[in-house]
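Same chain, two versions here, written out as structure tokens and called structure 1 and structure 2.
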Structure 1
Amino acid sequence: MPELPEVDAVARRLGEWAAGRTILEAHFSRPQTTRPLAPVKVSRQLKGRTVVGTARRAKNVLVTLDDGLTLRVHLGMTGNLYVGDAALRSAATRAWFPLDDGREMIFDDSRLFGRMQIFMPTELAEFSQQYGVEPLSDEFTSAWLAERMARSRKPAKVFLLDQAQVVGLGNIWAAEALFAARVHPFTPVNALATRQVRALHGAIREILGGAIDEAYRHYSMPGTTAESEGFGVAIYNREGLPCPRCRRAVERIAQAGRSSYFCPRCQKAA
């Protein structure tokens, strides 16, 4: 489910719902969720801890605990994390943490690609280093992007999905950014013109910024999902439908094992 906007909304709402609450128990229904550690080890570290606050790094939700440790939650493809009544638990619930106010922190993840881990401060810093720049930070400039792109021959779509470069884009928003910037998904990034790099940089910031606001506003009820994709999606999952700019039929191609959607007229190969 989640790209950066959805993860950001989940992290912010979780902070509103859980800050100050103490975790009484931690239950896991499947061992994959806490890999490589056994669930019982993670449970032991969570039990009795109070949630200080939440944050997001790349597509991870970070839950800061009162002993200085951090719970890292990756939502994978289908994950959701919220605080609510125990009745909200379902067949997809993989973890549930009863809190001191009678509610529970609940982690649903039908497809089991999600993950929960505990980090010490040094581990958290090391973990964070594997990721690239946050797209809405001051560090992410078009000059920075141009410099990184000059050093890679990856196709533009694949480059945008690489979390070691710019974090947060997934299959939907990468396609949307390429469409907005009129860049063909196959174009090697070191072949892009300066004007195209600038267009991509602007598109990434604008698209993610708008989607973050939309996802946060939409996601106000625990147990629902943070959605932003209905908002401003021009190209993703629209194979055969008319391009919103030129009316030419949108095409779908397989790339890096995923679907890439693009307009063959607006997005010319370099």
Structure 2
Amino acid sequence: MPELPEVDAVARRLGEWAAGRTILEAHFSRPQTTRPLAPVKVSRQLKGRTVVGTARRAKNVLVTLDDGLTLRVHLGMTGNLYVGDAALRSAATRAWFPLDDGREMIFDDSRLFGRMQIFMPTELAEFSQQYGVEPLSDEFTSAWLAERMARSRKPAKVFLLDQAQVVGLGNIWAAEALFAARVHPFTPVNALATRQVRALHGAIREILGGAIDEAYRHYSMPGTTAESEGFGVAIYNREGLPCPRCRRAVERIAQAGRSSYFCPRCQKAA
């Protein structure tokens, strides 16, 4: 699944390519792409709309249209949304939207897990409320993080993956932030010292911000690189390799159905 940096890159690039363009038509090759609404209904809502801009909320691409409508796109496991010539359409194309400049907005989704919805302003607000705070927003402060962690007994890695707390970190960047802050993934977050919470807050913002910048520069589509390739990871997917800080072998443990990578020397359990 595209991680938050990749989704952010999709949203930013789409905004550069499509802002100000009018959608002439909307076509869907698979009905599940727009469920629960029928494709024909979504097509009618999109036809003639102008793209005002794009944004990201958690791992969703939000395409703002005129008259207050928003097209929400979830990329699923392998989705990609971009603008190009009609010739770029492939067997994986599930939706395409001819634009008034002769190009098309194209949605590829080989695994068929992607979804598209149309939101009115009130519906968009309700949708957004189901997610926690954005990790690079002004709301995400060390004080906010400390207050939330003080009320939770969840292990640090599980807490960071909870989308109702902090959105979009994902397995890679949670592991990287914990390593940078020297926090063991199994440590209950209410047991962390104030200095550890501050270190973790700073690590999240620095690492995720850097990954977003790198994804924007290098990302083309899901599957063209390994999940973490090119983003300068220190610990993720490096089991058995030397820790870049102390040279002890990196270990991997199963945690909540995911793999957690950590250095047993730098990230001692509480």
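Residue 1 is the first residue of structure 1, and the numbers go on in sequence order from there. These numbers come from a predicted model, not from an experiment.
K.L.:
Given that just one of these two is the form predicted together with the DNA, which number is it?
P.N.:
Structure 1.
K.L.:
Treating the chain as two rigid parts that move between the two structures, would E123 and V10 land in the same part?
P.N.:
The answer is yes; they move as one rigid part.
K.L.:
What is the rotation of the smaller rigid part with respect to the larger, given in whole degrees, between the two structures?
P.N.:
Spelled out, the smaller domain pivots 12 degrees relative to the larger domain.
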